[in-house]
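Only one chain comes next, encoded as structure tokens, the form predicted alone.
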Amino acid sequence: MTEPTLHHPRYTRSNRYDPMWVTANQMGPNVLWLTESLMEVMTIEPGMKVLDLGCGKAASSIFLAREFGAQVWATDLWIPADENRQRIEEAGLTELITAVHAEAHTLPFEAGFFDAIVSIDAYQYFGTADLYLGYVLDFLKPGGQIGAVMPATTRELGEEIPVTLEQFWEWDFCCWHTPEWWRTHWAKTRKVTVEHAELIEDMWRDWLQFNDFIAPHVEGWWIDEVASTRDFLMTDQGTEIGFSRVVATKR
């Protein structure tokens, strides 16, 4: 049996990062792979001011600063800014990354401050509200891009959950939607032009690969979480669940 690995032929930038560092800073699927997949369809250039909204442990912010030379505001509610600041210092990126503790609806930034906004595996927690996109776009310059990667369903689910997923279903999965749902959700505001809204190819396999790699290294409640995630992914095998990436430009 092949040993689990974090080497991936698609995510060549992510391959350069210490697998144990990635494991230590995980909060679900591999955040570097998700970020790199978004960068396939989104433009981040050196010196751009980027809001990393819901950055978790700031791994995505470190990736954007190191790989693209962006100035990043690593913003999260669940992880204290002091903890992220320490990770940023250890990465040697204090000149490029600012750690911010803030809730997504009360962001402490000036209007039009950012050149780009990204959100990795977080936007679904606050962005399904009809009015949220209009709020967060106030912080983005006209012509700037907003991009998000989040768990997706391959079809919109109603009251009846597929039998294969019922035993794994958590109530907050109701914020998972199809890429087409997100396209309409953003486009109907008339505030953006949506360039991309699609499932990321084979991301369920990538999620499984990462889950298998971190399994021997997790502790506490993560042990059950990783085991349940494996059962969930192996049962579904991409039939109902995946990841979507959505990118739009502010009009």
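Note that residue numbering follows the sequence shown and begins at 1. Not measured: the values here are computed from a predicted model.
Only in words, not in the display: the form predicted together with a small molecule, which the text now covers.
**Q** Report whether all of Cys55, Ala122 and Tyr125 sit within 4.5 Å of the small molecule in the predicted complex, measuring from non-hydrogen atoms.
**A** Spot residues vs the small molecule: full contact, yes.
**Q** Give a yes or no for Trp78: in the predicted complex, does one of its heavy atoms lie within 4.5 Å of a heavy atom belonging to the small molecule?
**A** Judged by the heavy-atom cut-off of 4.5 Å, Trp78 is in contact with the small molecule in the predicted complex.
**Q** Is the gap between Leu133 and the small molecule in the predicted complex 4.5 Å or less for some heavy atom pair?
**A** No.
**Q** Could you confirm whether Ala102 comes within 4.5 Å of the small molecule in the predicted complex, counting heavy atoms only?
**A** Yes, Ala102 sits close enough to the small molecule in the predicted complex that at least one of its heavy atoms falls within 4.5 Å.
**Q** Whether Ile62 contacts the small molecule in the predicted complex should be assessed with a 4.5 Å heavy atom distance threshold; does it?
**A** Because no heavy atom of Ile62 falls inside 4.5 Å of the small molecule in the predicted complex, the answer is no.
**Q** Look at the stretches 160-168, 85-93, 102-110, 177-185 and give the one with heavy atoms within 4.5 Å of the small molecule in the predicted complex.
**A** Within 4.5 Å of the partner lies stretch 102-110.
**Q** Sort through Met39, Met27, Ala215, Met48 and report the residue having a heavy atom within 4.5 Å of the small molecule in the predicted complex.
**A** Flagged contact: Met27.
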